[in-house]
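One chain follows as structure tokens, the form predicted alone.
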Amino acid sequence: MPKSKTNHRKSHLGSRRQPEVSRAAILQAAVEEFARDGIAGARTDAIAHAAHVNKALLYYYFKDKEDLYQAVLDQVFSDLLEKIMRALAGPGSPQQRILAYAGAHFDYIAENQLYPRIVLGEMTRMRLGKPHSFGRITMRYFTPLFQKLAELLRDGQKTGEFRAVDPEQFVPSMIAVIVFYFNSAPIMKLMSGKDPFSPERLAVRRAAVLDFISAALFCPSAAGKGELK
């Protein structure tokens, strides 16, 4: 009996003939495993099975589980940073650009809902005094983002569009408004009885996030320079 196209595709995925495809499949499977069980509980054989590769190929691309975990963290933060930096560098007034950033950040997490779990797991490792990667992650991803947001806040204050806020306080508060909803989704579902990740609920939440940031930051005299998108 001839093999199906699906089986044929899977059999060749786990080979060195398609390195980019195989590596991407391993990373996606690793995201799901690390999000569910953390680095301590994650199993490389489960990741290899989910990616339809053998463990030897997994170790061909990543020398050990820690190396794979670091690659997952880089994928999480590099993709996010690329999208939100693009939004921050776009055209428009400071009000429009801060809303473009917030919308891009929200949309990225909405499309990658496993990522906040991985970040929380890494934060837990740090709080418990276990080896963690936040020193490297902070220098490579968090610091450039904070600097760009702080610069935009100062620009908006100079033009009279933003209230006088301390970037060291406002930036983490703004990010918390964007991210917390996804971390608290199970509780929101219990309270409301609604799926917090349905397109309708996500659209409502996104609009609420942009409205909240506008109310907290925009000067009334400069209203209308930004748009809720």
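Numbering starts at 1 and follows the sequence shown. Rigid core (definition): largest C-alpha set, two forms, superposition within 1.5 Å. Here the structure is a predicted model, which is why all the values come from computation and not from measurement.
Same protein, other form: the form predicted together with another copy of the chain, not shown, and the subject of what follows.
The candidate spot formed by G41, T124 and M191 is fully in contact with another copy of the chain in the predicted bound form: every one of the three has a heavy atom within 4.5 Å. When another copy of the chain is considered in the predicted bound form, only one residue from A150, A71, M85, L120 comes within 4.5 Å through any heavy atom, namely L120. For A29, no non-hydrogen atom is located within 4.5 Å of another copy of the chain in the predicted bound form, even though that partner is not displayed. The closest non-hydrogen atom of D45 lies beyond 4.5 Å of another copy of the chain in the predicted bound form. The closest heavy atom approach of A56 to another copy of the chain in the predicted bound form falls outside 4.5 Å. Although the partner is absent from this view, R23 stays clear of another copy of the chain in the predicted bound form, with no non-hydrogen atom inside 4.5 angstroms. Scanning 139 to 155 for heavy atoms within 4.5 Å of another copy of the chain in the predicted bound form gives M139, F142, T143, F146 in sequence order. Superposition on the rigid core between the shown form and the other one places the CA atom of K189 less than 2 Å from its counterpart. Relative to the superposed core, R163 shifts its CA atom by less than 2 Å between the shown form and the other one.
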